[in-house]
Structure formats: C-alpha cells, structure tokens
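Next up is one chain by itself, shown in structure tokens, the form predicted alone.
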Amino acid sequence: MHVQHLSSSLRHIIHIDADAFFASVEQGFVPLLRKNPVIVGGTENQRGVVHTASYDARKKGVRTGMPLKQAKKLVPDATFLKGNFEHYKAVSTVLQNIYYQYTPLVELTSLDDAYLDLTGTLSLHEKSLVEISREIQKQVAAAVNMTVSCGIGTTKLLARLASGQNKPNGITYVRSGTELEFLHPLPVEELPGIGRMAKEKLHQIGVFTIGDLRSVPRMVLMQHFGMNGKKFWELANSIDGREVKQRILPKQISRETGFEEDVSDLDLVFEVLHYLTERLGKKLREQGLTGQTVSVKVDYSDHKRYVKARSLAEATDCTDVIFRLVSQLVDETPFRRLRVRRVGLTVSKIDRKDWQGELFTEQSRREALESTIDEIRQRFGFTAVLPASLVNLQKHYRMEKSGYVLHAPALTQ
C-alpha cells in the first residue's frame, strides 16, 4: 500500500531530553552526590514511589514508580531525596537559554525536554544537525554539569522517539528516507496517545510493534478507536504534520455558565459547579498544565456578584483535589434568599505539569485513574464517564457525547 508522506524532508527538528533530570540536578548542586546512586521521590522510609533515579541506580533495577522501600532493598547505599522544585526550575531556565541560542522556535514540553526547529537555520550556523546537537550537549555539561540526549528527525514524532534510543548523552539521527525503518521495530505504546487500554486492545488483535500497526488497515483501526485510530495509523506511517510552537502559559483557565432562568435550587448550582470542575480538570491535563488558586464566582438575580478564592498547598491537575476546594468555597458562599443567575470557576497560578514534591502511592493511583478516564472520554465522548451525582443534570440539560449542553455553550468546551 502506497502512503502519501508529508513534505517533511525540509524540516529539521531536534528533541532534547535531559537524562535523569531531577537526580542529575541534585548531583549538580551537590558534587558529593555524584559518587553515589541518587533516588528522587522521598526519603527511604516513606510510603511514596521513585520519581527519578540516577543511571547507576537504574542499572541495579530501580524504575520510576517503584515503591521507595523496594528501591532501598535494591540499592541500599543510595541517597534518597524529596527533591527541590525551585532547583529544577532554575536549571530548566539555564537549558532554555542555551536552546534559544540556536533557534527562536523552541517548544518546551516540560522542565526537562524541548523541541528545537532548525528548519532553514543550518546555513546560519554552518554546522550539521549532529554537530549542533553535540555543541548543545557540551554547553549543557559546562553550565550545569549534566547530560542531555538528542534525537534528530523530520517530524516531532521521530525526533522524540530518537532522543530515547541512546541514553544517556546520546545523539540519534533519523535521516529522511529511513523513517519507517526506524519506526517499525519500536513497541506500539511508544506512539503518543496509546495508553494502557489502547495498548491492551492492540495486543489482543496481534499488534505489538509500530510495524504491526502500520499493516492494519486504517478503517479497521477507526472501527476500534474512532478518530484516534486514524491518528494512530498516520503516526505509524510517519505522517506527522505537527509544528514546533512556542508555548505561552495562560494566566488562568475558566469555565462558567448561566441558567436559562434564575434558580433557587442550590443542589443544581452545586452540580453545575461540579460539572464545570470536571471540564476544567480535563482541560488542564490535556494541556499538560497545573493550577494552584481556585475561585468560585456566583452572580445573583439582583446583578450582584460574590467571588471566593483560595490556594492549594501545591499546584494540581486533579479534578477531585480541585473539587474538594470548590466544595469548601461553595459552603462558604452566602447564597441568601436571592436566586442565582450565573456561576463560574477559575483556576489560576498556572504552571506546566512537572513533579512538585513527594509522589505518594495514592497520588500515583489517582493519576492513573484520571488518565484512564480521560482515555475513555477521548474515545467514547465526555459523558461516557461521569460522577454519579452529575447524572441528575439530565433533568435540566440535554446530554450529548461531548457533554451537557449548558446555556452558555461557548464556555463549556
């Protein structure tokens, strides 16, 4: 079957992934730590899990997500650290400043990785892509005493997958014309969008590698996964037109809606705020963002407005955590005897989603659950999974796959 490839041969993209970032930063700040394995995630006696381990700890079997106590048994001489997010942000800023020396088109996807689009800039640098990558590695080592791995390709997909092939401190170049040869042996779950559920379903139909996936007809994948199946097929065929874009953090993310008629049913008001929280949490996770300050807005029938805000101990993208705070704010809201005409919810102090403290087992479970819910909603529609209390909204609003049709539909996306 002939595949129409995008004209990607003119694109030159480097993906840079800092090696064992949190552990490497800790070792950079404290040189004595370079002599011992380092595990970041909490102290050795805590109930949490490993977030990052230095490569010498990884060689002894330590993996991300492993209970700290188990890691201690594998590497008894390791140094266990809770981590310092401010240190990580400071080092990330240094890395960014290095990347911007080579191109203004830098897309920072987290503290420790970034895409650089050097399309059309090679004549300015008078260096090859490999030479530029090696130069960046040297600058990073000199500035923060750590290593980064670089992947070079004609698309974001290829560059990202390539950067993970020869870690640490590796450079992998997927040249134009060799894209499929590079992709085919890789596990199918390496493709973006293929989570645990999609992986299990693909394994059930005999698809284990990206090459296996490419051999499945596009329509068959669409029957199993909807429009996601089309995306999976395109990526397996190295069709990826995504551009490298500078990401500007929004100051806040809001969701609000008005009622068709002013209401005095406070249970309905509470349910609508709960639904807006579900939408807002999903939006945060989609964009890889977290928020720390939550505010609830209530507009009354006399056109007066009440706003109550409070900050969480740390930023989050967890719907349940946000809703618990929303519930507290609603309990403190003076609804008086007036009807309510409009409600809104805002999350501010937005930041990119990066680990910001101890990663406990319960938090890991919660993130896995929300990831599964998001995956189900992406495939079957937002209303495929809803909290039981929100089913009552069907008495007031029409329910479609994409969500309830509120009276301010432009504000419910």
Partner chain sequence: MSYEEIDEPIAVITFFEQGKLHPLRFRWKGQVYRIKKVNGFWSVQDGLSRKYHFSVSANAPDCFELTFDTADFNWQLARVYLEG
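Residue numbers count along the first chain shown, from 1. Bear in mind the structure is a predicted one, so any value in this text is a computation, not a measurement. The term rigid core refers to the maximal set of C-alpha atoms that superpose within 1.5 Å between the two forms.
Omitted from view is the form predicted together with the partner chain, to which the following refers.
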| property | result |
| --- | --- |
| Of T372, T64, Q378, Q46, the one that lies within 4.5 Å of the partner chain in the predicted bound form (heavy atoms) | Q378 |
| Single option in K127, R285, H87, K230 placed near the partner chain in the predicted bound form, where near means a heavy atom within 4.5 Å | H87 |
| Distance check, K401 to the partner chain in the predicted bound form, heavy atom within 4.5 Å | yes |
| Residue contact check: N145 to the partner chain in the predicted bound form, 4.5 Å heavy atom | yes |
| Non-hydrogen atom contact G28 with the partner chain in the predicted bound form at 4.5 angstroms | yes |
| Partner contact for K35 in the predicted bound form: the partner chain, 4.5 angstroms, heavy atom | yes |
| Partner-facing stretch of 78-86, 158-166, 216-224, 254-262, counted where any non-hydrogen atom is within 4.5 angstroms of the partner chain in the predicted bound form | 78-86 |
| Rigid-core frame, C-alpha of K72, shift of 2 angstroms or more between the shown form and the other one | no |
| Threshold 2 Å Cα movement between the shown form and the other one for T383, core superposed | yes |
| Large Cα move at D374 between the shown form and the other one, threshold 2 Å, rigid core | yes |
| CA-CA separation of E286 and V91, closer or farther in the predicted bound form than in the form shown [shift of 3 angstroms or more] | closer |
| In the predicted bound form, shift in Cα separation for D212 relative to Q378, 3 Å or more | farther |
